[in-house]
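One chain comes next, on its own, written out as structure tokens in the form predicted alone.
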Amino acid sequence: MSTNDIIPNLFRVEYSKIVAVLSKAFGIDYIEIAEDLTSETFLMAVETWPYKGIPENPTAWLYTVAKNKAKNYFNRNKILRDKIFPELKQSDKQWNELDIDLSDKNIADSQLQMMFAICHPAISEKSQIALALRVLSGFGIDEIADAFLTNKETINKRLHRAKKKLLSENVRMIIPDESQLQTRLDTVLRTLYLLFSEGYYSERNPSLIRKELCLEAMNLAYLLLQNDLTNNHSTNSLMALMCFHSSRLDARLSEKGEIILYQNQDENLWDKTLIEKGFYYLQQASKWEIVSKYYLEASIAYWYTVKNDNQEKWESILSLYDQLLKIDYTPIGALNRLIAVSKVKGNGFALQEAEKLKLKDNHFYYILLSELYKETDRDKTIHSLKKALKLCRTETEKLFIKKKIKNIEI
């Protein structure tokens, strides 16, 4: 593998680990210094590896350089030394005490603590996701800007404001105590849920699906599952949900990037390994005698990996949606429920239920109406699709809707 291949791969995997460990050693107040030192470490690799060759153990090389850079910075910075070792302020002692521990355990602990820090409730959701992508996933500013369909300047400002908030709120890299843990964990899980959702369906990106965002959300959820304090019902439920949804990503778009509806998906393209993992995490979640929003959503997603179009499947999905909407009502959840309603009680009943929702500004609403009308009313089907076309934002969806209209009008 050439340096052009290995360094970007290592950056994506190792950048966040080094930043988290250095931030833990220095304190999160110095997160930008930790980022700078980590970037300098990779810059040194870019400058030396093409001429001296790739080290036998590239990761160990990066860790050694990062440690040396951190200790050099520490030795030069009296304010930082006084902060970490206040009892040695007046001492002439050599400053070799700083522990840069890049063991697997400390890396995992530091990343988990960083996750709780950047998902602090004082920080906006968009900023939490941007920080997660930058600090925990090693995304470049360009990549984050693409994910939000904005420019680099906006992302840089968002990240800067978020870091200032960490400082003003005196946020520390710790696992919250027992009294705050569940509340703070709920915020972390919501951030991962939003990150995954942005990848699963991205209104802001032309590609519609951003698999790399889904993968990063799953990687971060896995970190939570590795710690006994955060390996709980909700975390397992969210991981199950993400596994089930990810299993069908390759079947949702054609080779030309065209949308493929669920009923037309090629089951052979579903990832059976991810489905099995999803079922495993769902079983783990069921060990707790509670039922969360994520558990119900994961259970619904499980049934969508069962291709059989029988009554039991749709009755189960409808029952799960009824439970979900009682504890977490959302208009989109109510809209998705109507698919199961139509299968169990017929299109006519589903249309009556749809009218009650009054989602007149949502293109998914009109796409659903077109499906419910298509067997009985051609004009209303076309009318609904034209309404959807006016409201949708992505070119992929616009092409999909135009194709449907054309096929009906022929």
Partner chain sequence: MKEFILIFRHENANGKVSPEQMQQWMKQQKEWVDSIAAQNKFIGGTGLLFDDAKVVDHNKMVTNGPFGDIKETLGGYITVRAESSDEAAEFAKGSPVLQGEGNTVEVRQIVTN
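Superpose the two forms; the largest set of C-alphas matching within 1.5 Å is the rigid core. These numbers come from a predicted model, not from an experiment. Numbering follows the first chain given and starts at 1.
Below, we turn to the form predicted in complex with its partner chain, even though it does not appear here.
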query	finding
Segment assignment from 40-48, 23-31, 346-354, 373-381: heavy atom within 4.5 Å of its partner chain in the model of the complex	40-48
K272, K157, R76, K164 - the one with a heavy atom within 4.5 Å of its partner chain in the model of the complex	R76
Distance check, I408 to its partner chain in the model of the complex, heavy atom within 4.5 Å	no
4.5 angstroms heavy atom contact with its partner chain in the model of the complex for L359	no
Contact of F11 with its partner chain in the model of the complex (heavy atom, 4.5 Å)	yes
Partner contact for K67 in the model of the complex: its partner chain, 4.5 angstroms, heavy atom	no
Shift of P50 between the shown form and the other one at or above 2 Å (CA, core fit)	yes
